[in-house]
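There is one chain below, alone, in structure tokens, taken in the form predicted alone.
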């Protein structure tokens, strides 16, 4: 049995504790995302290649999706690329995909559907999210995510009603699972990095102490406000749905009381009662309101809050470091 078929037969039994990312693959991801998203809001995406060792997912290589895929079939392109990599004895098994993001704005229905497609076909698949804006500020921002079993079951059913989400115990907190990410370099690469560090001028690297973080924080807060407004609209829709349900239940109760009173009067006059009518036909149930958009929005708001908190903590750390260096001078 081939490695790919063996992995697919183990679907549902794969458990990934952490992801080990090779430094070369990371540099390829960074290079692609900075080139693709330079000066615009385009999203860079690509395929991750590697293998599973026990409970560790090793990502050893990657390649980007074609930039303009209008005339190119992405699936055929991936298969052709993996076929060529296999010929030159490079890891060619797909273990997920990567995507760039702007200020942590990545929790969307498109990401949910794409990761569901990957994870149901290849169980160990992960998605790496790389943020070039935060990295440019001196904070390497790359994280690995997987869908939780509850999220996979819910997406399979395509039932996002409040009752279904409550039954599956699925909320924005349990939609994605963050996997620990470890970056690994070979000993030769570490030796080269040490030599390059010794050759680096003393002025290099000072941009990582850049204290001008107000613009990044301002953009993050503006994005957070937009998502809070979206969540408020979703809450208004749900409140309207609840009011319509309550009004329908009230009308149904009044109708049944009126029918019972009429039958009591007819019985007192010795007349036969009115024929039974199907109340459900007269009062058709209101279609349940899907809660997927509200859950996605809540997840993105939570992610923004965590990132802003972490960003502010790191900025305060840089302020103290800069103050110590200034005092030393």
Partner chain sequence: MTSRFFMSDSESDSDISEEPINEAQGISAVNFTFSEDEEDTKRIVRSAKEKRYEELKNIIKNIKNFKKNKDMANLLSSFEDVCKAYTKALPVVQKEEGGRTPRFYVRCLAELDDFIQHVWENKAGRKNLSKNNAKCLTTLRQKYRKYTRDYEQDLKVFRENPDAPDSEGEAELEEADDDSDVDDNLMDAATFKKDITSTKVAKKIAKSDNEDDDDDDDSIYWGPDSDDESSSSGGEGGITNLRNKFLKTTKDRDEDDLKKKKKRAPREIKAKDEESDGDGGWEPVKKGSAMPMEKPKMFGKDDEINVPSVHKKLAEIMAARGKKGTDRKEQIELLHELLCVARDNNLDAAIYVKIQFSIIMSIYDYNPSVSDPMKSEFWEKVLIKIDELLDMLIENPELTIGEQVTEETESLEKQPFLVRGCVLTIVDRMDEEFIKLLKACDAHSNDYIISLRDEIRVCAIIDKLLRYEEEKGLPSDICRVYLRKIEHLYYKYEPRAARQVVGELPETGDTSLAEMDRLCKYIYVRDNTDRLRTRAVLCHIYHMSLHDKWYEARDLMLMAHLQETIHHSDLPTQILYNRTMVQLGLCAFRHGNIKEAHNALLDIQSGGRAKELLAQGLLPQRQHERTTEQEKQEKQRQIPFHQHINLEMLECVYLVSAMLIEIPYMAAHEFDARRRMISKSFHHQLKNSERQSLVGPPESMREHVVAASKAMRNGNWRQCRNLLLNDKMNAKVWDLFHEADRVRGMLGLKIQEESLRTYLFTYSHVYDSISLIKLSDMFELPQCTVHAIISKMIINEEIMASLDEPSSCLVMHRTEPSSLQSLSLQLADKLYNLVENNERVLDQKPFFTRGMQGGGYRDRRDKGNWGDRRDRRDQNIHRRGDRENEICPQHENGDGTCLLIEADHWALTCHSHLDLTQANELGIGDKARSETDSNMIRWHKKFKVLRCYILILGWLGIILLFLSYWRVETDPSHSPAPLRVNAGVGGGGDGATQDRPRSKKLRHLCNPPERIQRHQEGVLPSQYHLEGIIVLLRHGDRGPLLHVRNMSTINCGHRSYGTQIYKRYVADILNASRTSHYVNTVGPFVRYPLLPNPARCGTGQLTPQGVLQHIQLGTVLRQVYLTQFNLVGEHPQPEDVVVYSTKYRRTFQSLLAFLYAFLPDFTASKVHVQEGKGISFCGSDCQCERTEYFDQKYEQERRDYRRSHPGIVELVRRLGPLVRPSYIHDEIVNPLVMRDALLTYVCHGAALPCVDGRCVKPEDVTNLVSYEEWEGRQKRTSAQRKAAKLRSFGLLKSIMSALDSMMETGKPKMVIFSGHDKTIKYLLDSLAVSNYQLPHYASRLVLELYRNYTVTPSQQSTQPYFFRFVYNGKDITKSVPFCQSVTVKQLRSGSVKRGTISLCNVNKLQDYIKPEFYFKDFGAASFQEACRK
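Since the model is a prediction, treat every value here as computed from it, not as a measurement. Whichever C-alpha set is largest while still superposing within 1.5 Å between the two forms counts as the rigid core. Residue numbers count along the first chain shown, from 1.
Form predicted together with its partner chain: not shown, discussed below.
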query: Residues 114, 134 and 251 all lining its partner chain in the predicted complex, heavy atom within 4.5 Å; finding: no
query: Exercise: residue 238 in contact with its partner chain in the predicted complex, heavy atom 4.5 Å; finding: yes
query: Non-hydrogen atom contact residue 186 with its partner chain in the predicted complex at 4.5 angstroms; finding: no
query: Contact flag, residue 302 vs its partner chain in the predicted complex, heavy atom cut 4.5 Å; finding: yes
query: is_contact(residue 159, its partner chain) in the predicted complex, heavy atom dist at most 4.5 Å; finding: no
query: Candidate stretches 178-186, 86-94, 142-150, 159-167 - the one whose heavy atoms come within 4.5 Å of its partner chain in the predicted complex; finding: 159-167
query: Proximity to its partner chain in the predicted complex, single hit among 129, 81, 103, 231 (heavy atom within 4.5 Å); finding: 231
query: Residues from 216-249 in contact with its partner chain (non-hydrogen atom within 4.5 Å) in the predicted complex; finding: 217, 218, 221, 222, 224, 225, 228, 229, 231, 232, 235, 236, 238, 239, 242, 243, 246
query: Rigid-core frame, C-alpha of residue 258, shift of 2 angstroms or more between the shown form and the other one; finding: yes
query: Shift of residue 53 between the shown form and the other one at or above 2 Å (CA, core fit); finding: no
query: Residue 305 C-alpha moves between the shown form and the other one by 2 Å or more, core aligned; finding: no
